[in-house]
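Take a look at this one chain, the form predicted alone, written out in structure tokens.
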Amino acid sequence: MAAAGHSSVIDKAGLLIIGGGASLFYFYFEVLLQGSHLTIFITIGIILLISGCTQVLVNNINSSKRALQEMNETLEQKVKDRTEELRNSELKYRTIFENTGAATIIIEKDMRISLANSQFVAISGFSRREVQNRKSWLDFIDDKGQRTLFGDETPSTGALSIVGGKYVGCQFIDKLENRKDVLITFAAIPETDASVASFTDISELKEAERQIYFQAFHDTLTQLPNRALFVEHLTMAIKRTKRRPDYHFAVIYLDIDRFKLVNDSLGHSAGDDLLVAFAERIRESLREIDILARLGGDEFVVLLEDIEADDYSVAIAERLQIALRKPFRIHGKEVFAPASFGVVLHTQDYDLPEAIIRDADAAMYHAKESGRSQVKIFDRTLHEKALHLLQQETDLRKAIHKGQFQNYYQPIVRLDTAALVGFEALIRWPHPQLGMVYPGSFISTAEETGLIIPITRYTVEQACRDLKDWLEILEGNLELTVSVNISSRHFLQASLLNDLRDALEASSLPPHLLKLEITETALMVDSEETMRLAQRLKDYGIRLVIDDFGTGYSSLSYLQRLPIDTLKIDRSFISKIIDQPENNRNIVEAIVSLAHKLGMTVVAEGIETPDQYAILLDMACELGQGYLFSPPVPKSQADQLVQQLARYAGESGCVPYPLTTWLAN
């Protein structure tokens, strides 16, 4: 409106100027041409010219006035629209700033908080008035967080720019000095010296991380460090040994003797409770700086930190041993859980933690072999033994894969005629580098590693095939049997009967011609299950022999209940039957008598002299084997014996063929 009024004044002034000019111009011509007719025409022309110019001028002025008015209106609208946009933008960003879901602040160049949203005010514990322009944001950050942000330098003007756009984890300190884990996100505000910082509460995430870390490096049952964490501690101890010649440490490896018995008798819940109580009793006997870890099962390991002398660690092991001999109260029962200990003393010679654990385990295993509940110190001979066993296990696996094993056969004879009645299959290992390896050198390793099962499976399959070949050579003139030793580990396998059935069916050998030799100790492992399995074998037709009878622990009641066909008297009794007649002869005679009363036959093994043979024959012992008749021989020699038997049967009408005749030939 002001612009329109201003334009009206200009219009009026213009018209006055034009009118005044026209009047002066007219007056001048009138004086000049007074009394002339030309005056009238000139006057009319001037008036028309003035009118035309006036109209043009008025039109231009009106046009400019309208354009100016439109420009003013447009400018006013743009100002209104921009003002509204700015107002909406500010409202939008304030709303976002206030409702980000995270505590957010604006940090000025001098570290002062110029603006804080409600979430930040809430977690700080202060009022908004106390925070804005009165607090530095560093007042809410712990010292460790400040060191993370600025290093060792003191925060100064512009120092925040070094972390712009980064994520920083630290602890937030509120008004009451309470702390919580937060993640701070920084971003610079363009064209200013200020920055925006958002604080996200990650306390639950950090707690979850701590729980995950604890579960990853601790045993869930006993809450002790696990193998991974123990290896870390052991690694640091090794590094300290390299840096400090005066620093020494030792490692003790221990496990509970006969822990399986607790699980089998009282249940796994009782076993778990025993492990917890066992761990607690060990911990009570250690110092605060010592590390106790559970490696798995009933195996524990102790790191004795910063010890002064080797005898200290041995004393600790003995003290632990004494403490563990006291009974534990588990599920209302007294349970004894003594342990075997292996100790590694000279740890300065090691570079790898796994090597220390390995050697401590080897010493502990040696303690168990020596009678359990003992403390053994590791030495290099144990390490060499461990290396030998490891190499032997590797070689055994290769031998199984390449089929290197062979069966040797020792004849079994009737003592009254010395005639062949069968063979015992004995495994042999022709090692590519070591030559012939006998069972006593590798069976224990095979049993410990589980490799005894495929080895025994091979022995049975080969023995069945070989016996079938011999029976075909004999053409029914003589029925032979073959005996195979079965380890306790294989005997209790659910697959045993299927393995035997497969071997017999593959060779078409009747089941009653296969005998399984099992030690009496193996039969006592799980008596009820043993009796069920033995009966299934008996029902299938396979005959059972108790091997090395008299050397282990057996119960006569179980012996009577088991479907046993034969007792084999151990060679240790036969070898002394002459030298110690009062003891061994009476024992052998009692075994023979017992077997006969139970309806069993007897095999005496290890017969080496005619005198032993005569005494056993006098006792009415039915069967025997030993070097007096024949050592174990390869299949080729057994083939010769069977072929000789076949020829003899054809010539003599199947008269019993004394094995001594074959030996003489």
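Counting begins at 1, following the sequence as shown. All figures in this text were calculated on a predicted structure; none of them were measured in a lab.
Keep in mind that the form predicted together with a small molecule is not shown, yet the notes after this line are about it.
The chain is drawn here without the small molecule; in the predicted bound form, the stretch among 91-99, 68-76, 127-135, 481-489 whose residues come within 4.5 Å of it by any heavy atom is 481-489. In the predicted bound form, at least one heavy atom of R571 sits within 4.5 Å of a heavy atom of the small molecule. Interface residue remark: D466 is not counted as part of the site for the small molecule in the predicted bound form, having no heavy atom within 4.5 Å. Y438 belongs to the set of residues with a heavy atom inside 4.5 Å of the small molecule in the predicted bound form. Not displayed here, the small molecule is kept clear of D298 by more than 4.5 Å at the level of heavy atoms in the predicted bound form.
In the predicted bound form, every residue of the candidate spot (L426, I443 and I607) has a heavy atom lying within 4.5 Å of the small molecule. Only one of D219, E589, D201, D548 lies close to the small molecule in the predicted bound form, with a heavy atom inside 4.5 Å, and it is D548. With the partner omitted here, the residue from N584, Q119, Q410, Q374 that has a non-hydrogen atom within 4.5 angstroms of the small molecule in the predicted bound form is Q410.
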